[in-house]
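Given next, in structure tokens, is a single chain: the form predicted on its own.
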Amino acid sequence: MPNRTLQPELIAIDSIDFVAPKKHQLSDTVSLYHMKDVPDETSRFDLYFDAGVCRGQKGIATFVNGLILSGTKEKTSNQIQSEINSLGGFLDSGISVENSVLSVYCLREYLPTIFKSVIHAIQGVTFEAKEVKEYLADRKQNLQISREKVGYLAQQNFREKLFASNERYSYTLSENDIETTSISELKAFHEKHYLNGLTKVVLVGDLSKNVVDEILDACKPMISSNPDVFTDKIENESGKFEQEKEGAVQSAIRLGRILFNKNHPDYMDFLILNTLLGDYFGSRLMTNIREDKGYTYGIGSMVAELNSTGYFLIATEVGSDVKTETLKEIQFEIEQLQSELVPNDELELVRNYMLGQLLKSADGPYAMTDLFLSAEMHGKSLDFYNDALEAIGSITSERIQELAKKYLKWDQFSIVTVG
């Protein structure tokens, strides 16, 4: 019997035994990745398309993504959804600035059937006038509701300032965009970016070779013939930008700047700095602005990645009467990182937290696949994460101070407040 009065021995993490999915080449630039090592009956497939917001104009990319399963000549949208639901499938469709992704979770025995249904729905979507009209009316109503929320307005305003030098990335949806969209525009975007825009396929599940081969064959007619090209020449507009919202009892704050992604030599060390500042519950921003001052329920910082660049963001919502004080406290925490070395005990706490999070994020085939995809997006292998373990274990307080001085300059931030 173990002696439960004694604390278990702490064991340092030197490396993680990662398992990479098998790569199948669909073309010179498009691949299918299959993670076969799944110990149960579950499965998933993801379809990635070169159909992000930056590829379209006036909301077309978003609208096509929302209508992609809206019906074919043979089936209505309800029939397509019923086919997926009746087999226990869960469908998730999303769009970002640079791509769109359609994912389905289901039992592996039903994956081939659901996959065929989804592919046929994507290839045969007709953009029937009634479906389009109802969808756009719903989007307009949702937009009107969202514009009453300070968080939404701050997010949109921040996007405009963050991607200020590139109108494709800084675009925000307007009611006029919705009202002037034509079915011919939707069809043209669909043909270019979906029928000929498949950029990656991901399978997770203990699927047979025959099933994988069938999926490969089904995907080939849709693959993109051109490699993805994304801009790395984006600059944010620095300064403070305030928007009044009459009657708002809260103010939303967004501040940050264009930064970098995994391909930058300072990325991993900056991620440690970011965690210490605002990316876990015990961070300095949470301790000060939530726990000590009581200004907010939550505040956080993050590093977001795009294909060729990335950005740093701090976000929160506070009482309108403490908006100015909150900004002062955020600036104080940043300047303290620039002027004072992080104590060893605090740095050790952050190290242990990040090591635990990395272990957690590698737990199981689905999590391992997502880690792989995050690295593969930037041309890296799973070795990146073992390099990350080394960086977490070796970083010093002096290095954190150096990065804070270099990248967290207050006059280089886009600072947006709404309230």
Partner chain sequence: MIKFERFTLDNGLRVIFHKDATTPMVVVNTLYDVGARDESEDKTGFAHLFEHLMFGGSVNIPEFDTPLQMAGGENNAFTSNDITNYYDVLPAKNIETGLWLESDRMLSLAFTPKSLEVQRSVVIEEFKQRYLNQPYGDVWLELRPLVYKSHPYKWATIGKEISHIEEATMDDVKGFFKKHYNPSNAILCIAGNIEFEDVKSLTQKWYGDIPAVEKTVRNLPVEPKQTEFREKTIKRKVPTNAFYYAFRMVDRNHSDYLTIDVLSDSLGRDKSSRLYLSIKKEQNLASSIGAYITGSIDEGLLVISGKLNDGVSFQELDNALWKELELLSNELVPADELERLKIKIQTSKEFSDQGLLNRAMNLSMYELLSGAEKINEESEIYGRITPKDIQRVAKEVLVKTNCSLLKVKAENAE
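The structure displayed is predicted, hence computed values, not measured ones. Numbering follows the first chain given and starts at 1.
As for the form predicted in complex with its partner chain, it is not shown, yet the points below apply to it.
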Stretch in contact, per heavy atom within 4.5 angstroms of its partner chain in the predicted complex, of 206 to 214, 165 to 173, 227 to 235, 290 to 298: 290 to 298
Closest heavy atom of D138 to its partner chain in the predicted complex, within 4.5 Å or not? yes
Contact between V249 and its partner chain in the predicted complex at 4.5 Å, heavy atoms? yes
Is there a heavy atom of C219 no more than 4.5 Å from a heavy atom of its partner chain in the predicted complex? no
Taking 4.5 angstroms as the cut-off for heavy atoms, does I13 touch its partner chain in the predicted complex? yes
Indicate whether the candidate residues T5, L87 and D345 are all in contact with its partner chain in the predicted complex, with contact defined as any heavy atom within 4.5 Å. yes
Of F384, Y48, Y353, Y33, the only residue with a heavy atom within 4.5 Å of its partner chain in the predicted complex is Y353
Out of 103 to 140, which residues reach within 4.5 Å of its partner chain in the predicted complex, heavy atoms considered? Y105, C106, L107, Y110, K130, E131, E134, D138
